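Below, in structure tokens: the form predicted alone, a single chain.
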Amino acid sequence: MIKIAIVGTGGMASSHVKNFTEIPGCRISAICDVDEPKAVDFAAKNELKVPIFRSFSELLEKADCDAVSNVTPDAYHSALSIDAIAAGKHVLCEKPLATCYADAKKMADEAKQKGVINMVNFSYRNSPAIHKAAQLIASGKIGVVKHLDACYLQSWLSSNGWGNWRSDDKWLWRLSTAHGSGGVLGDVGVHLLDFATYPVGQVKNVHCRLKNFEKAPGNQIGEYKLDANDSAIITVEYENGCIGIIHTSRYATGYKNCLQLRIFGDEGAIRIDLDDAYDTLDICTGKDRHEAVWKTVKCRKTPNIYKRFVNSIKKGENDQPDFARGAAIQKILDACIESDQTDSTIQI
């Protein structure tokens, strides 16, 4: 039985509980949150009768757990994960892995040295389509990749589809750097960068433009200064010579939560639209490319991140995406911020 402690009881924590409890041979054994009433409510809501800790150090000392699922705010990912690693616990950490590359690399190095299983929750790796795309490209099915475009579009700043962001703390903090937000770049751009690089390869350089829009008088609501980026446009060059455009926004009216990727090679192309399906992709290749004919490919089901994490613990072999991958994406995020500040192309 793999016993997992949930650390942090915010929005994503219930998803972690649901996914882990659906895996045979796995159970939640403890909960930790500095806000004890919140943790108690969380346990009741998720029907968990397990020990509750306010102190993470106390959890590591007293809880019966093999692994930690780190669902705390971004600023706490590094310190808590490193403490868990030092205690010999396997760690699944929410994205982004850290708030800067130096911290993310330290996490990856510590996990490797200690020999514990480590993974970052790039949840769109749960799509069988992205794994099939990676296989097709590696096999040469679309030839040499030349160009791509990718987008992650949300509209909660221009609609109330997810609630009223002007009055709800769970949205307002995502607009404020003082409250730990990396803006749309750090929140969903991190997913997009993983999605757009996993099947293609390493990024060589980036040029990025970030934009914060006026959303309230003085761009402030209560304690929240609304200064985090709302839109990001990134031009990328890959090590293999491919170039592309990656963009994301919270002002994409008409798109609630849309992730799309198109990859163009000299002998074919692949497109994925997760709004349509997680387990299909479209491909144009062979003779079809001469008439621009696309065919839909059904992709074989693949384990989600939670199953990959538990299976890695059982087998003693670290699956992807691991902390090293999380650190590599964090390096690109840091380069995007530097590029925007200096209006220059940054080498990765």
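Between two forms, the rigid core is the largest collection of C-alphas that superpose within 1.5 Å. In this text, residue numbers run from 1 along the sequence as written. Because the structure is predicted, anything quoted here is derived from the model rather than measured.
What comes next is about the form predicted together with a small molecule, which is not displayed.
For the small molecule in the model of the complex, the listed stretch (210-218, 90-98, 105-113, 231-239) containing residues with heavy atoms inside 4.5 Å is 90-98. Annotation: in the model of the complex, residues R125, G201 and R271 none come within 4.5 Å of the small molecule through any heavy atom.
Looking at S249, you'd find every heavy atom of it more than 4.5 angstroms from the small molecule in the model of the complex. By the criterion of a heavy atom within 4.5 Å, L259 is excluded from the residues contacting the small molecule in the model of the complex. In the model of the complex, at least one heavy atom of H191 sits within 4.5 Å of the small molecule.
Put simply, V40 is far from the small molecule in the model of the complex: not one heavy atom of it is within 4.5 Å.
The contact with the small molecule in the model of the complex, taken as any heavy atom within 4.5 Å, belongs to L80 out of L148, L136, L80, C151.
Only one of the listed residues (Y255, Y76, W156, F264) places a non-hydrogen atom within 4.5 angstroms of the small molecule in the model of the complex, and that residue is Y76. Core-superposed comparison between this form and the one not shown: the Cα of D273 travels less than 2 Å. Core-aligned CA deviation for D169 between this form and the one not shown: 2 Å or greater.
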